[in-house]
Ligand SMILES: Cc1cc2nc3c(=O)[nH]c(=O)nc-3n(C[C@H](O)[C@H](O)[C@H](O)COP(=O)(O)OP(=O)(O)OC[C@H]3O[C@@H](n4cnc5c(N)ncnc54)[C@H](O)[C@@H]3O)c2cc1C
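A single chain comes next, written as structure tokens; it is the form predicted alone.
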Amino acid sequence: MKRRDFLVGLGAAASTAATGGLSAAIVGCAPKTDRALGGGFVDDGGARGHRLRDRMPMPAPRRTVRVPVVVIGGGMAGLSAAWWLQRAGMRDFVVLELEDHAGGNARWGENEVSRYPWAAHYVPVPGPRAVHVRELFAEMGVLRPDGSWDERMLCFAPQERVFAQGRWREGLEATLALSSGGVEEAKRFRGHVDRFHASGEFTIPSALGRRPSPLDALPFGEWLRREGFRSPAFLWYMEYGCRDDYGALPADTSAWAGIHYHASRDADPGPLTWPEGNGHITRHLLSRVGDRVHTGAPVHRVERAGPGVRVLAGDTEYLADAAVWAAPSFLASRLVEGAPAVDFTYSPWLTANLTLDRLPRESGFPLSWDNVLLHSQALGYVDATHQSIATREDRSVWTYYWALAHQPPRQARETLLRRPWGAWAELILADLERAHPDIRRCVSRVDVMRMGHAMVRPTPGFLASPARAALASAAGPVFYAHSDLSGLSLFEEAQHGGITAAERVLARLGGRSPAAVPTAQGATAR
């Protein structure tokens, strides 16, 4: 996406009007369609997570497995840790994942029309400092030996559009001229961003440049006010970016994080994307380490066992030399012996995949990869078939994103759980109907995923959190890897956390060669 190049939209005053006013009126209603509408909630592991939250009784261990390393969490951080361990020559480890499918925010689905993402759907072309990302992409064939990128995986044109004032417009920058001061304020902000970028403080991965900053203690909305930004178009753009990147409003986001998105990346040829989004990366990692990934295996206790660690998952006890905690950090204080309580805030999200039997009628700029409706609390939708090279696509899957940023997180999570599928489907169709009047005659299925703790929210003061510092510097035998320690829910941050933890594990094992590492072949059962 080119938001960092200030493709800015219009409509701060109206951005909360449509779906906000509608949501209170239709709770409990079924979607209004002229045809049978399939779909429902997709299992996101919430029931298992709530058993851990509520400290429900867990089964006593019936068997013991001895293994050098246990990776807890099969999202991007955990899979990256496993990938790195394997590249270092280690074969004897397990990855334990609570949900039925690995990948975390990079899970994907598939139907007869297309693969599609359930959350993360692209990676910006990594700069030269993202060494391990480039190494992985070279292994995947995304980055070619000559240093060029596979054009099939760079986002095809047209990349984005916005629905404003009754029609679709190319990009978001076209609407700047419709709001007084929008273009001028975008240029002025660009000057700030260039100076921040030149400072070397804003990097990907963030650990390469991050240092204590007064921007961390200041809300982003306050920073914008102090700097004199007033244009409705420009402020809408800033709000949209915070909702898209962090599931939060500018008032709930630190100025450091609000600036980071724009100042952390060099110019690039566009995003890398696939029909299944970042599920494409998950699929590759599973092709390497999937035989050691155990899904549906919620870990309910981690404690010291001599110099090593004891991990309880279901009815299995794992005895290991070290563990990588790659699950969300807020769970560690409940499940890991001695882990500090974290004060992190997590943003709830709703994602829906809509199966379309035909494309709806519309006016203006044609269907793009990313499609934003200006007057919406939601974030728009991504076309899963955008990267197809077929000459004609009658059917498609649209992935619709909604960060519930306008409610306090606890209240939004209650809304996620309380509202029935039919009410969510109606909200989504009503939102899309403003841009696609015949959408209800095109959609045959709406599948919904609820993510109560989808991503960490970089609130003011996040970087200075003592709990964050304690987890990031833990000396073992449990090493913490989740991207929430960075405050940025990015693939690059998850990969960096996983690889860093894997390196610490390898150091703890004394740099032993694979032949010297005990294997699980001698696992015992009781």
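Start at 1 and count along the sequence shown; that's the residue number. Remember, it's a predicted structure, so these values are computed and weren't measured experimentally.
Although it is not shown, the form predicted together with this ligand is what the next lines describe.
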**Request:** Heavy atom within 4.5 Å of this ligand in the predicted bound form: which of 126, 380, 75, 275 fits that? Just give me the one.
**Result:** 75
**in the predicted bound form, the one of 452, 182, 328, 258 near this ligand [non-hydrogen atom within 4.5 angstroms]** = 328
**Message:** Only one of these stretches, 56 to 64, 468 to 476, 484 to 492, 35 to 43, has heavy atoms within 4.5 Å of this ligand in the predicted bound form; which one is it?
**Reply:** 484 to 492
**Message:** For this ligand, considered in the predicted bound form: do all three of 202, 279 and 462 come within 4.5 Å of it, counting heavy atoms only?
**Reply:** no
**Item:** residue 122: touches this ligand in the predicted bound form, heavy atom cutoff 4.5 angstroms
**Value:** yes
**Asked** Does residue 298 reach this ligand in the predicted bound form if we count a contact as any heavy atom within 4.5 Å?
**Response** yes
**Asked** Given that the partner is absent here, does residue 96 sit within 4.5 Å of this ligand in the predicted bound form, heavy atoms only?
**Response** yes
**Prompt:** Any of the heavy atoms of residue 351 lying within 4.5 Å of this ligand in the predicted bound form?
**Reply:** yes
